[in-house]
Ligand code: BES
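Only one chain is shown below, in structure tokens, and it's the form predicted on its own.
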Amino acid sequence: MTRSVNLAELTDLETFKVIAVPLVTREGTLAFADGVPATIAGVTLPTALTAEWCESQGLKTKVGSTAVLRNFSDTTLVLMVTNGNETTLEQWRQLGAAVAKVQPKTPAALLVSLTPNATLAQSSQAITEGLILASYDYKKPESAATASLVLVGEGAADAQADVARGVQIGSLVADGANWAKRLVDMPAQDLSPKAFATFAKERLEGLPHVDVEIWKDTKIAEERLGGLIGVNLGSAQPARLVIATYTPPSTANQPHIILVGKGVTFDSGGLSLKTGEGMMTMKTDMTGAAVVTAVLAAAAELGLPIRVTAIAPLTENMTGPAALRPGDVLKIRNGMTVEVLNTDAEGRLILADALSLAAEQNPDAIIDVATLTGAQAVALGDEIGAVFASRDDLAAQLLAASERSGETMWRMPLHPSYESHIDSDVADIKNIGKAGRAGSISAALFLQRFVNGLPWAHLDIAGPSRMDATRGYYQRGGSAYGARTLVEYLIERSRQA
């Protein structure tokens, strides 16, 4: 289930059965936002929101807190929802999420107050994202009712264009994230590498200036993707590799960004077998591949003046009779050999091939996204992603994008002395570091060996890629973490270009 979002006029409010009114915090107390009418659809709003009245209604200053007023003659529901000081995009996003959860099958209107400290395009984008993201429901794929934004306050008419642009961007970004979440939540029996490639092709084909290639077994072998071939040995399902490129009409100084996403559609650990509990959520190990596919689609739909390529290596990691053994050595596309000492450290093996392919194109930046290490979740938990970057400017751009998107990221070090952790006696490199020591860092250092010194960043999203409980605009299950950050990054790179 998901919503569509559009604009409506103040005079249209009589047609809605759910009308959300934002509250702001002023000097520690709640008040109606500027421009909110005294009467809405026959419901007279309180003249003052005293602390006692708010307490009696269960209304708090916490962002997203709600209380309901009704017009009992026609059952119109006026939803008062706290939006704090209206200073952050995340507050607007949470406002949209709170509204989305009230009677999702009923068309809703949300009043948006014009305030001096709000950037209209960005705030309306954030509200739209909250409305659509919070409406996602894997078990109910049909669309929820439409939500409409209604501008109030002086200058509302002049702001329509900015708000409409924000709604457009927010809709594309959130719909893309929800598409990725649907793949992440899909049972692995329905999402083999072959099936994923089909879904990706269906999503991308027909978009303006997008070309899609699907590499099958023969092509993968011809292109010497030894890591992907090795991980796939234990699976009855054939591997695939998706390469999609968005090339807009040429513009001066058009940058080229390559996104690489880990696509392990189910990870048993291979012969280094996971526990039963450890396998329960391993259908989500293809989150990175879903994210980069969704991001490329959003770039094309937004018409960004920036070239984007998405590369998604796809395989299962299983225990079949030909499965990769600890101690085996694989040869990656760039010629580097890897000693595999733990078959459950398989993501970096398939990413090595994909990063090698990316480096051959000499792009302006390579960014990979992967549910790569349990160590990342130990270090940062399930609400913060890890950013590793070879350049400070790239790290700063991604962290700024993550702040705008509401997807919290934290930069981790590529500590050079830890390179020794992945030295091998029989190959150029081994696929694990020291047990219990800097696991996410050694994995990032492993990946760095395959980017040929180009500007590169690695997003390890193992922790926040899946939510164990509903929180804000997230539901239990796949989160598509990183998708909104990467779209924000591409939008900003486009502006710079």
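Here the structure is a predicted model, which means the values were calculated and not measured. All residue numbers refer to positions in the sequence shown, first residue = 1.
A second form of this protein, the form predicted in complex with the ligand, is not displayed here; the remarks below concern that form.
Participant: Looking at 94-102, 260-268, 168-176, 291-299, which stretch has residues with any non-hydrogen atom within 4.5 Å of the ligand in the predicted bound form?
Facilitator: Comparing against the ligand in the predicted bound form, the contact stretch is 260-268.
Participant: Tell me, which of Glu90, Asp344, Glu339, Asp185 has a heavy atom within 4.5 angstroms of the ligand in the predicted bound form?
Facilitator: Result of the distance check: Asp344.
Participant: Ok, Thr373, Gln397, Ser148, Thr309: which has a heavy atom sitting within 4.5 Å of the ligand in the predicted bound form?
Facilitator: Of Thr373, Gln397, Ser148, Thr309, the residue with a heavy atom within 4.5 Å of the ligand in the predicted bound form is Thr373.
Participant: Quick one: Ile243, His256 and Asp353 and the ligand in the predicted bound form, is every residue within 4.5 Å by at least one heavy atom?
Facilitator: The answer is no: none of the three residues contacts the partner (heavy atom, 4.5 Å cut-off).
Participant: Within a 4.5 Å heavy atom cut-off, is Lys219 in contact with the ligand in the predicted bound form?
Facilitator: Output for Lys219 is no: heavy atoms all beyond 4.5 Å of the ligand.
Participant: For Leu459, is any heavy atom within 4.5 Å of the ligand in the predicted bound form, or not?
Facilitator: No, Leu459 is distant from the partner.
Participant: Can you work out whether Arg348 and the ligand are in contact in the predicted bound form, taking contact to mean some heavy atom pair no more than 4.5 Å apart?
Facilitator: Within the cut-off, so yes.
Participant: Mark Arg224 yes when one of its heavy atoms lies within 4.5 Å of a heavy atom of the ligand in the predicted bound form, and no otherwise.
Facilitator: Taking the distances in the predicted bound form, the answer for Arg224 is no, it never comes within 4.5 Å of the ligand.
Participant: For the heavy atom contacts within 4.5 Å of the ligand in the predicted bound form, list the residues of 422-448 involved, in sequence order.
Facilitator: Counting only heavy atoms within 4.5 Å of the ligand in the predicted bound form, the single contacting residue of 422-448 is Ile432.
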